[in-house]
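Okay, so here's just one chain, in structure tokens, the form predicted alone.
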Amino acid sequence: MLQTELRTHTCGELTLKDLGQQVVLCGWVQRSRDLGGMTFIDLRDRYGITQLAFNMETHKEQCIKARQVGREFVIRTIGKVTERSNKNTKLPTGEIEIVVDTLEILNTALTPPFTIEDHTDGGDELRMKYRYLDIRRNPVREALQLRHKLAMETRSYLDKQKFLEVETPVLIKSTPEGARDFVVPSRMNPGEFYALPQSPQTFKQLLMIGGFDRYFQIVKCFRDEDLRADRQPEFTQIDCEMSFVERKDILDMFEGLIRHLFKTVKGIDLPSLPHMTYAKAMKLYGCDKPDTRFEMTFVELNSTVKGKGFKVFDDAGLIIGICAKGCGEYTRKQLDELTEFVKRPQIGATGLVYARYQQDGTIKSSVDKFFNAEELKKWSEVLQAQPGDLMLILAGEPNKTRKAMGELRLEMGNRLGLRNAGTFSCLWVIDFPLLEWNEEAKRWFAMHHPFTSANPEDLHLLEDDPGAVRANAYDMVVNGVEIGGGSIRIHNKETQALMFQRLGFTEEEALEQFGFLLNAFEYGAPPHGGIAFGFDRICSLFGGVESIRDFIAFPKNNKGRDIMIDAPSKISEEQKKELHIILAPI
């Protein structure tokens, strides 16, 4: 029987309870060791590693063959489970080994371009080029297993809540709002193009109109935008929508989802998620996705420091400070580093004012020329600083100053070890502005998307004071990362038409782009709302790393290329003709 079975067990399951069994194992050679009379091979599959033992005295032919196999050879072995004399307590199979009777080489392998080990010598680009080798490594395999577990638990939770998983189209219509679309030429419709969906937004709203009151989909989406560690041109969302709901219903349902995932996947009982308004987040943290694992919130100092002859403060629209606990002994070199940090172009501050509250009770600042000891003492009271603390102050135009201080706060959090990947702080951010003004385009843009409804209390402001309207929208933020966002949708044709008008659409443009949705609203659209979670981001958050790449089986690099298959690539002239593509000379 064993001779005909390709394998009877995996390389991660045999233990002392299996002693004496005759087994068949298959896998890849992790490493081999020739000790003269004995040869040992570590055999690996995705379940683990099992040691194989070859004895020159009893199985000379098989032992000689074992010495001919190299790393990553694919082999099949038949042998008996025995107890190891030198046990490896780090492996689940470390108390046993297989004394091999028969060795079969199923396939040879070239020497890999990097070591297939947890800590490999391969750089990012090399590992992405040979991704099929990289995913043999434990860290990548574990990341993909985590992704699988999160997907299964998501489906389990939503299924129990009576959600239906419905697939929506991948070839859709291009729309002008949001990021750039990836477009696909249509051979059968010359000169016309599909777009790949940035999200299934309009389709899930149509499903609500169709009576599917609880929809979800773990769906691939596409955006042609600049990339970074937490972005890919194709990414995955947990996309959800519900009918006959208000904001509280959505928040309760999907707070339940995230608590379910933390409990079942990480064994963590999350407390109830607090709610924070957008205005408060911007005031205290300088961003709409605050990292609340640590305090160090902003304190406004305008009334405390203005009027003392220091022009930087006197001319500033906003002066804010933070208190870095225990950093009062920072050296001049460390303070210069912080100054250069905030002056980087991506941060945008023109300088940094600091004050060290020394252990002897004196306060030394970078602006002692303008402020006396009594005035500096007032700073410490307002900032709630104690001896041994460091006060850091920025001044300037309010929005830029808050943004810069937000970055400085995160930098100090990193330096002080306050942003531990194993600690989780979650919250809902609510009451975003519905619209934001673009000075360059001289028009309003939707802060979320044009289908977001206004806060019912602010609806009357939409015509005369659109900038004051709060959106009936919400984001879930974990550790300073927005992992999900959504809103209660507009479900009335007249209100949706007014929104398009506020966004600068003519009536003709609105009908051309979204006429199908406006028409659908006339056939009994229920009140509805939803949310979409960045599934790749959730995976990286649960995995404790910033980059989402390792949680995607075959990711793109930071130029949007798949360097393994060399895509994107050119197409033939014949294909261009079929697709009616005529490229102008460059």
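So that there is no doubt, residue numbering starts at 1 and follows the sequence shown. Keep in mind it's a predicted model, so treat the numbers as computed, not measured. Only the largest set of C-alpha atoms that superpose within 1.5 Å between the two forms is called the rigid core.
Missing here is the form predicted in complex with a further copy of the same chain; even so, the following discussion is about that form.
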Taking 4.5 angstroms as the cut-off for heavy atoms, does K556 touch a further copy of the same chain in the model of the complex?
yes
Considering only heavy atoms, tell me if F216 and a further copy of the same chain come within 4.5 Å of each other in the model of the complex.
yes
Within a 4.5 Å heavy atom cut-off, is D269 in contact with a further copy of the same chain in the model of the complex?
no
Check G211 for me: does it contact a further copy of the same chain in the model of the complex (non-hydrogen atoms, 4.5 angstroms)?
yes
Per contact check vs a further copy of the same chain in the model of the complex (non-hydrogen atom within 4.5 angstroms), the hit among 94 to 102, 135 to 143, 335 to 343, 284 to 292 is 135 to 143
Ok, M38, I64, V69, C26: which has a heavy atom sitting within 4.5 Å of a further copy of the same chain in the model of the complex?
C26
Position in contact with a further copy of the same chain when the complex is considered in the model of the complex, options P274, G326, G191, P456, heavy atoms within 4.5 Å:
G191
Check R46, A109 and D159: does every one of them have a heavy atom within 4.5 Å of a further copy of the same chain in the model of the complex?
yes
What residues, if any, in 237 to 265 have a non-hydrogen atom within 4.5 angstroms of a further copy of the same chain in the model of the complex?
S243, F244, V245, E246, K248, D249
C-alpha of T15: shift of 2 angstroms or more between the shown form and the other one, rigid core aligned?
no
